[in-house]
Ligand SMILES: C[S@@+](CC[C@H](N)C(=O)[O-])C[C@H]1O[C@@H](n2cnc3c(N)ncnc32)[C@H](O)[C@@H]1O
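A lone chain, given as structure tokens: the form predicted alone.
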Amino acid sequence: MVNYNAKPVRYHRTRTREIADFISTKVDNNIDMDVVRSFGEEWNRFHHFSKPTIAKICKEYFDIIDQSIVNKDTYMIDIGCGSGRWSEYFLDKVKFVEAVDPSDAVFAADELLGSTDKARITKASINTLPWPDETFDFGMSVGVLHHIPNTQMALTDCVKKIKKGGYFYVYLYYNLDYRGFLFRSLFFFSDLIRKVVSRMPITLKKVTCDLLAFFVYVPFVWLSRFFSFLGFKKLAAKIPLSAYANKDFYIIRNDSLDRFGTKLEQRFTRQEIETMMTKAGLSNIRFGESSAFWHAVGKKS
């Protein structure tokens, strides 16, 4: 564990640890504080993830991570840790985890990670990461950088914290790269809904996203499961939201709020992501082919 190279603005004392807070009133031109607050509310509502549930989800996201990238000697950072579920997954696979988030999600992560001595939780934005450059063997940002105004700048700032020869992993929303007209049309209408729902008061937003989970997600999930049961697995995989066919309703509710409750969302093609990773200083870039589009890992040159 490397000491901070900056002085915290304040500390938060929980039942299990002291959380250093580096978020100040100084304007950060690459962060939307309304989005940050929204995610803090989301993750303090959805953070009760069991180890089996986390393991099931992570099989899709981290299928391209092996022991040559992450092992017992790895000092890693989870940037935008949210509820802490990704950090929890890596606890027994690495030497130490720095779990970082700019929102009050750090308190949800504190509850999920418990009193482990293999992780430290820090409240900081990408621009205020309190470690020297080239500190970490492995870093990741899972489903975060597409909610930041300048994704390329944020990715570059993240990679600066990785040692030469280390690795950085990122998951970004895909831009429907290979989807047909019908799928894209459905997405267009769902995005119109997001733009309305994301601006609702928080209580109304939560209720609306729960209704969307039940009346939009669930019918597609059941349809995908039905075709899969009949043996038409390729057809089942083409159904919108088929990625949730093996997920429980808690995850669906969580992702409904995540999808429709956020006002700032960007999407990228596979080629755009590879270009951004290369510009950030990564090479040997490898993409996963599971349903979590797009996730990729690269080596810092």
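Only a predicted model underlies this, so the values are computations on that prediction, with no experimental measurement involved. Throughout, we count residues from 1 along the sequence that is shown.
The protein also exists as the form predicted in complex with the ligand; that form is not presented, and the subsequent description refers to it.
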property: Triplet G80, P102 and H147 all within 4.5 Å of the ligand in the model of the complex via a heavy atom; result: yes
property: Partner-contacting position among Y244, F260, F39, F268 - heavy atom within 4.5 Å of the ligand in the model of the complex; result: F39
property: Heavy atom within 4.5 Å of the ligand in the model of the complex - the one residue of V159, M76, L212, I126 that qualifies; result: I126
property: In the model of the complex, S50 touching the ligand (heavy atom, 4.5 Å); result: no
property: is_contact(I121, the ligand) in the model of the complex, heavy atom dist at most 4.5 Å; result: no
property: Partner proximity in the model of the complex: Y167 to the ligand, non-hydrogen atom cutoff 4.5 Å; result: no
property: Residue contact check: I239 to the ligand in the model of the complex, 4.5 Å heavy atom; result: no
property: Proximity to the ligand in the model of the complex (heavy atom, within 4.5 Å), stretch among 174-182, 84-92, 217-225, 190-198; result: 84-92
property: In the model of the complex, residues of 156-187 near the ligand [heavy atom within 4.5 Å]; result: none
